[in-house]
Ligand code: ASP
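Given as structure tokens, the chain that follows is alone and in the form predicted on its own.
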């Protein structure tokens, strides 16, 4: 009888462990997998890089007060975008938020600080691209949208098209509740005075050319762009660019900023790129896509591909400008062939860095 009881107790114990052990094993395995996933996410690189335009940017042309203002605004934009990435947000959200901050500042030639066209209005272009899906949205000749980059995103997410222009693009935005403003919102005294100087200079060049019987040269015009390229914790890349174009532009001129492959490109296989400079040259060379192509087809490193395109192809053709880029591994490139470029970055392994002048 005692032996029978012992057998029953032993059987009960065995049955209990046959039920409990698999559960304990599953719990332990889940904890191990979760820990590994968290470790992998922590180790995965992420970050962003921005620009606020390239050109004749040198210390002797910018007052200490303006220099401080640029540095502060660039840092603010970087920190806002990085906070999204650090919190697990998407590169797409980080790009839009970062560019919104620069669009809202009169310091940059985008949004509030956009330059004037020949007719005294402000016309803006923008584009954004998702490196995961290769979807893109772009707008051009926008006059009444406070944040053109947000309208470009709306085109990507809520239309079957890549690019919308002018009144049609603004109508589309209004149908989806995007904020509209008077064109006067974009007026700044600094940009207005720049337009008057450029018109006077162009009139002088036209007169001299007419007297000499030669084609008139174009007056040098104020230009600039803002852009951002980002890599999130999920390994997704995105890029965006926004601009007011050229001072004194005419005939509905559109530059490279809204052209996918020219001023903006993102592909999870390689990198995300935003450009700034003489748009006509960036369009002819498809600068942003060329950097991707050299990485994809020739297995070039980001820094090498950017250098070959900016200091090679762009410079040989006579174009001026630069790019900012981040690759799928979190490497940063800020390459330009001008005197300077407003730029900065932050990654999970590098602190905030803001630069304006000199060498890359």
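The shown structure was predicted, so the numbers you read here are calculated from the model rather than taken from an experiment. Numbering follows the first chain given and starts at 1.
What comes next is about the form predicted together with the ligand, which is not displayed.
This chain lacks the partner; the member of 284, 132, 144, 253 within 4.5 angstroms of the ligand in the predicted bound form by a non-hydrogen atom is 253. The single contact residue among 137, 245, 81, 111, judged by any heavy atom lying within 4.5 Å of the ligand in the predicted bound form, is 245.
Looking at 276-284, 99-107, 232-240, 176-184, the stretch with residues near the ligand in the predicted bound form, meaning non-hydrogen atoms within 4.5 angstroms, turns out to be 276-284. Residue 127 falls outside the set of residues with a heavy atom inside 4.5 Å of the ligand in the predicted bound form. Residue contact with the ligand in the predicted bound form: residue 257 places a heavy atom within 4.5 Å of it.
Contact between residue 91 and the ligand in the predicted bound form is not found at the 4.5 Å heavy atom cutoff. None of the heavy atoms of residue 264 is located within 4.5 Å of the ligand in the predicted bound form.
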